Structures are given as C-alpha cells and as structure tokens.
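In structure tokens, the next block holds one chain alone, the form predicted alone.
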C-alpha cells in the first residue's frame, strides 16, 4: 500500500480547508498519526522480507548462472554444427547478433576477397599454380578458411591469430551480408554469383578425397563412389570415355555414380561414361556437378533475398551501408596527401603524358583543347589534381589560367568557378575535405553525356573511338587487342591496368588497380618522380560524409550571392559533391 501517497493527499485536502484549523486538528492529525504508524510497520516487514529474500536471491543467482552456462554451451554446440565443414553451401542464415562495426568489417573483407578472385581470374588461368598461390595469400591475409585445419576440438581454440572457428564464422556471416548488398539488380546478382562460384571452385578443388565425401554427405548430395569391383568391371569404358584417365591411373582415382540429369553439361560434352541412366564421373570432374547445384541454390536464394529487401532497407542503420557496398572502394584514401606542394604547375603537362591514367589524360587534353570542362569533368579532374599534390592556390591558378584562355574572363571565373574549387578543398560550404574519385565511382556514377569529357574511357567510350585513342598514344596493336578483349568482358579496371603495363613496358604491374591516384603513384614509383615513396593514409571507404569539418577562419561569398545562372551551375556541382564516393 502506498502510505506516503495517502499522506500527501491528506495534506492537499488540508490546504483546501484554508484557515479552518479546527478541521485539521480534529480529523487530519489523527489520520496522519495512524498512517505513519502503519507505514513504520510496513517498513519493518519489508526489511525482514529482504533478509530472507537475500538468501533466496543467492540461490536463484547460482541457478541463473547454471542456465546461462547451459544455454551458452547449447549455442556453441549449434554453432559448431553450423560450421562443421570449412566449405559451405550457405543454406542456413546466421543465428547470432553482431555489432555494426563487425558487420562492416566482415562485408568489406569479403568484398576485397571477391574482387581479388575477379582480378586473378582474368589475369591467370584459374587452375594454374600462380593463381592458386596468389589466392592462398589473400585468404591468409583476410583470415578466411581455405584449408582443412580443424580436425580435433583443440583446433577450435584460438592459437596464433583467429581460430579456424572464427574464420568459418566470418566466411558464413560475410557471405550473407553481401547477399543483401548484391541482390538489388540483375547485374549485381550476376557478378556476385560468378565470383562466389569461382571462389567455391578454388576451395572445393583444394579438398582431399576424404573431405569431398564428407562435404557431399554434409550437404545431402547423395553421390557415392563406385566399388573397386565395379571399377575393374568398367575399366575399359571409364578409360575410353573419361578425360585425363589412363589404364595406369584409373586404379588410384575415385569415380562417382550420378543420375545423368544431374550431369547434363558433362554428358553434352561427352566427358563421362553413360550407362543405364547413370554417369560415372572421375574425381576431378565432380566439381562441375557440385558447382551447378551451388549456382542453382545461390540464384534462388538471391531472388528470395531481393523480395525481403524492403524490410531490411527500412533499418536506417543498414540501408546506407548496403547501398554503398555494391560499388564501394576498399583501397587507400588519397584525400590526405603528404606530397602537397611537391608538384609544380609546369610539371602537369609532362606528367599527364607519362603518369596519368587514360581517364585523366583525356580530361587534361580536353581542358587544354577547349579551355573549359563541364562540372563533371572539373570535379573528377580537380580532385585528382588535389590528390597528386596541388595546393589550393596552385589549383586556383591552374584553372583560372586555363579558363581565361577561353570564353571566361578573370572576373567571371572568380565569381562562378573559384567557389567550387575552394569547396572541393574544404574551404566553403560544409567544409568537408573531399576525396578523389575511385575507379568504381568513375565507372558507376554520373555517366558522361554529349560534350562531357569525364567518366572512364574503357567503360563509356565506343570501342572504335577507344581503339583510335590508344593508337594515338602509341600502344601496340597486340596491346590494343588485349585491352579491347578485357573491355568486351566488362573488366574495365583490368583494361586500365593492362594500359599501365603497356605504357610502362612491364610484364606484371604487381598491384590491383582501384584508383586513378593509385595509377599515378605507382607510375611515379617506377619512374622515380616526385610521387615516388609518398605515403597515403589507409582508409576502408572514401565516404566524404564521415569526415570532420575543417575550422572556418572566415566566410566568403557563396552561391546565394551570385547571378541566377551561375548559382544554378555551382549548385549542380555541389549536388555531385555530396554523393557518396
């Protein structure tokens, strides 16, 4: 009973009686005395209950601890069962909670892995020793499982670095995160399926025969090896029909007996022996069947994920991250450059011929020819120049000297264009230090229209025009053919990397190209120029919205004070600036 509340109500009623002291003396005082006595008794009862309950609470606490430990053990048992094999079909989604930072880390690491798989798949034969060696190194660097390492319970305990269990957990969760990001369009789904299949093929081929059988059983794929007696009986047929199988090697190879409808690709190409509705598949070809199954499952899963995506996108914590992942740049950040001021304006022309990627070389040539660039070109080239070391004063001088050679006088330049240049250096507006555009941003956002010079020439140029441009830059005919073949396969960054190798006369660049400023830095390292040895800050994503604003020493006139047509053009510039990188 709330005695204190009743006492307060009595005081309120007394206050309403005004000066009637008799009413308070005769009725209220006695009632208050009685209630206070009852309140003291209730407090004593509460204390005695608390002492007895304290003994019970200790027992209850121990019981709760027991159930908590039991629940944890059950959870660990389920998780170990979920990650019971180093290779998965990813049939069951994750069942645990993770932090947003871990969510982002897992997603970015897997994205790096898939991009490495894509680059190596184009540059090397997928089953070659060099391909396997480079992919092994990437797996190890990113802490993903790629070998059979967990054979006993002790292997699940952390030793040096992440345990095998932690690697498998990361592999499982990161796959499902990228499913959310790459289920949104047909192109994204196609890319994701292809890279995951290549990744799966590499890992499956690395499994010993014993573990392949365990994997098939684990995923309810009822493909069994034939007995030794049956193999001897069919030996001539198996040797005749199977590729890379001879009489001397057939004894040491496993053959799987599979319903022919599950191996139509192998039947179509006449690579297997067919008899009685079953095909006999040698060990090295069973991966074809498993990959077809994996492709079918993953394709259906992505379609189902796409239907459920609106519910996920309603979470404001996840929506920006998922939208950004599909075209995220996961390399170095070139916004904070330690070579500021080391490149002079007189060096820009020779550097453009030696160390510029084709996109920036095209922009520089267009600027020199027409003495003007539209807003998309100004931003793409302006941020690149900032990244290679131009200061704000140098940038203003560079753009002013070029524009005044055209139809823009110095006064109009100061009013219409100087503001946007100061803006990209973080001296106007939100005072954000903007990041030079990555290759993915150049390729995927703001495609050029008629009269524009920006964009990626490998992505946005007509193949015939691209061929003429490469010829004018003295690229060999065989090199042009290689570049055009990569462009045809939509490997635009690899085409640019091949352009780097051809123009620098090297066989292998030794890096994966992801950024125009990376191209410049690597070129300068080879040539020993002013950019050689310059260090840049490592950053996971070039998202300018996350950077702190710079202090404001003074305020200069903004676009609101400019003529209407000039303000409209600058506003168009700034809209593009505010896009995520």
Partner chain sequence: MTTADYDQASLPDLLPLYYRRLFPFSQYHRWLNYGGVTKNYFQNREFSFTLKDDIYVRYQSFSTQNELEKEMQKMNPYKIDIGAVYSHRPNQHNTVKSGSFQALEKELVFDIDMTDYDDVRSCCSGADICPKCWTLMTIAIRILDRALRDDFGFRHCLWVYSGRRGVHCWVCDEAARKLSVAARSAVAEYLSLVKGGDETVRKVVLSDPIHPFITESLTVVENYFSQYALLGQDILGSKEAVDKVLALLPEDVRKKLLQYFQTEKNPEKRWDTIRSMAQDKRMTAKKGHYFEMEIMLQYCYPRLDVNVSKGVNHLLKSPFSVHPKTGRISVPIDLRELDRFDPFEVPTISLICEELDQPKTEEEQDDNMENENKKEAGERRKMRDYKRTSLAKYVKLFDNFLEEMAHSRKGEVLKNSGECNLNP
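Everything numeric in this text was worked out from a predicted model, so none of it was measured. Numbering follows the first chain given and starts at 1.
Although not depicted, the form predicted in complex with its partner chain is the subject of the following passage.
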message: I need to confirm a contact call. Of 492, 256, 434, 273, which residue comes within 4.5 Å of its partner chain in the predicted bound form, counting heavy atoms only?
response: 273
field: One residue of 277, 477, 451, 510 in contact with its partner chain, assessed in the predicted bound form (non-hydrogen atom, 4.5 angstroms)
entry: 277
message: Can you work out whether residue 261 and its partner chain are in contact in the predicted bound form, taking contact to mean some heavy atom pair no more than 4.5 Å apart?
response: yes
- prompt: Does at least one non-hydrogen atom of residue 242 fall within 4.5 angstroms of its partner chain in the predicted bound form?
  reply: yes
message: Under a 4.5 Å heavy atom criterion, is residue 267 part of the interface with its partner chain in the predicted bound form?
response: yes
field: residue 427, heavy atom within 4.5 angstroms of its partner chain in the predicted bound form
entry: no
query: When its partner chain is placed as it is in the predicted bound form, which of 206-214, 232-240, 419-427, 91-99 ends up with heavy atoms within 4.5 Å of it?
result: 232-240
